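Subsequent text provides structure tokens for two forms of one protein chain, presented individually as structure 1 and structure 2.
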Structure 1
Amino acid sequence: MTATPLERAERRKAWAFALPGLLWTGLFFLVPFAYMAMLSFWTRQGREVVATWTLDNYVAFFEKAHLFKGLVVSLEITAAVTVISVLLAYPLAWIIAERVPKRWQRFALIMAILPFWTSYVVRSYSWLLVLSKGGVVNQALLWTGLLSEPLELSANRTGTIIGFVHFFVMLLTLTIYANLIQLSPNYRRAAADLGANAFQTFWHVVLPLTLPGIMVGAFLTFVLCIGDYITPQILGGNNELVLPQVIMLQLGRRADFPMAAALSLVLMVVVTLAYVACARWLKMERT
């Protein structure tokens, strides 16, 4: 079917609007990504990068324990952060949506997202001051007599998880709240008319309908957490390296750009698999 002149003009207008974004994406994402993918199949010999096509970098990732362990540690921390953040964010979002008067909900949300208003690095260093042996938490516990010596809350996995959870609870609260306020009260009324108690109504009605908001927030938490370098570097120390730290070591200390590119692609594959696993809920629409 031949397009009319008006349709052709609208198409040209649409391409004119889309072209700058497409060019920007192509130049600053697709081209660097393609080069990084190509670089991951090359090798470093001495101080030179040699364009010899090989899978040695990927083989080394699975054979060298310190490289593969970086991915394992990243997945463990990310899984813990995601689960804890969901468990903390859901009640907070529910309280704001259901218990806070509507005229105060906007203020409550602003208070909830205050951490986003400060620098990411500043937040991490602030937690380091709070969690260190001489920090506020340990000093308070020592003063009350609950502890005889300070806890190890920083320079380890615990500190990293606390720092991450503080940030991502706020993100998950927003996505879950956005779903909760869209729920019609008629759903709960219908469940009550059918004899469901409060828990049954939540478990069989409210939770399934808010699952898309949970999964969107959980996926964003997974992506941002597994690729983060700053928080593990500041709060986790160098006792247990996550994969982004391992990548930075390949770049900063060894100048092994092919290995760093291979590790980065492994990280992207993991994120892609996470998206595939969550795609069903990310595309779910309420009918």
Structure 2
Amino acid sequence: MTATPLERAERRKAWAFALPGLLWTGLFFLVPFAYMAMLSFWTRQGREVVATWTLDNYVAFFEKAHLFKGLVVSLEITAAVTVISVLLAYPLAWIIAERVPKRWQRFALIMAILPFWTSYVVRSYSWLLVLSKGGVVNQALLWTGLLSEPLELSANRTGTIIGFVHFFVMLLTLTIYANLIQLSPNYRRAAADLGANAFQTFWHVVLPLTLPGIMVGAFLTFVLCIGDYITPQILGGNNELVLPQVIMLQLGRRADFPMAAALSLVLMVVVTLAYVACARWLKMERT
């Protein structure tokens, strides 16, 4: 099939429109990414990168405890954050969707995500004000006499998890609310007609129907949480580093780009695995 001159002219035009965007993504995303993948199989001497192919960086990741532990800590924190955030956000989303009058729902939702609009760095810093030894929570507890010693709430895993949960409760409230509001009231009416009480309706009808939405929200939480550097850096202290912190550490004084690249690829593989698992589960749900 040969294209007529008119078709060829049209096609040239289409390419002219699409190319700037494609080139930008190719040049500033695809090329750097490919380069980083290559870099992860190279090594360095002093501060210079040497292009000799080797698996050393990946071997080192599995053999050196301080590198591998980064992934373990990341996975543990991310799992905890995802579960806690879903458990805290679901009831709130449900209350806003079911208990708050229709015309106040939008307002309730906007209020639930208002602190989103503080800058990310500032939000973690604010939690430091709340959680540190002299912070609001400890001062209040000491003042009431419930405690005699301040709790260790920041500069450790607890601080990181609280900071993360705060962010993701807001995000998940939004996505779960969107899910709940889409459910047709007919399901609930049918369940009630068949004699289900409020709890049974929720447990056997509403919850299963919103499960796919929860999974998508949980996946989003997982991806954003495991790739984040700011919250653990500000709230987590120096004893337990998560993978992004370990990556950034390679860039610091050591300037070990090949190692940082290898660790980044490990991070990407973990995210991809989570994506595949999530997509599989969703497909199973649908059939």
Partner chain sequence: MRRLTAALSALYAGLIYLFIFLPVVVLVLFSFQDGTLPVPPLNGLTLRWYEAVLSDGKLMAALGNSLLVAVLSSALACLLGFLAAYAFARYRLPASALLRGLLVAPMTVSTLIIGLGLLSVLNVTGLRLSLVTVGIGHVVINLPLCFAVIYASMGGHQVNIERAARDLGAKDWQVMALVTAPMLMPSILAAFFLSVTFSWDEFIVAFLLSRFDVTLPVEIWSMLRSGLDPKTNAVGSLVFLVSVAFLLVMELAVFRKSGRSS
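Since we're looking at a predicted model, the values are computed, not measured. All residue numbers here refer to structure 1's sequence, counted from 1. C-alpha atoms forming the largest set that superposes within 1.5 Å between two forms make up the rigid core.
- Working note: structure 1 is the copy from the form predicted alone; the remaining copy is not.
- In this overlay on the rigid core, T25 has a C-alpha that sits 2 Å or more away from its partner position between structure 1 and structure 2.
- Put the two forms on the same core and the Cα of A16 is off by 2 Å or more between structure 1 and structure 2.
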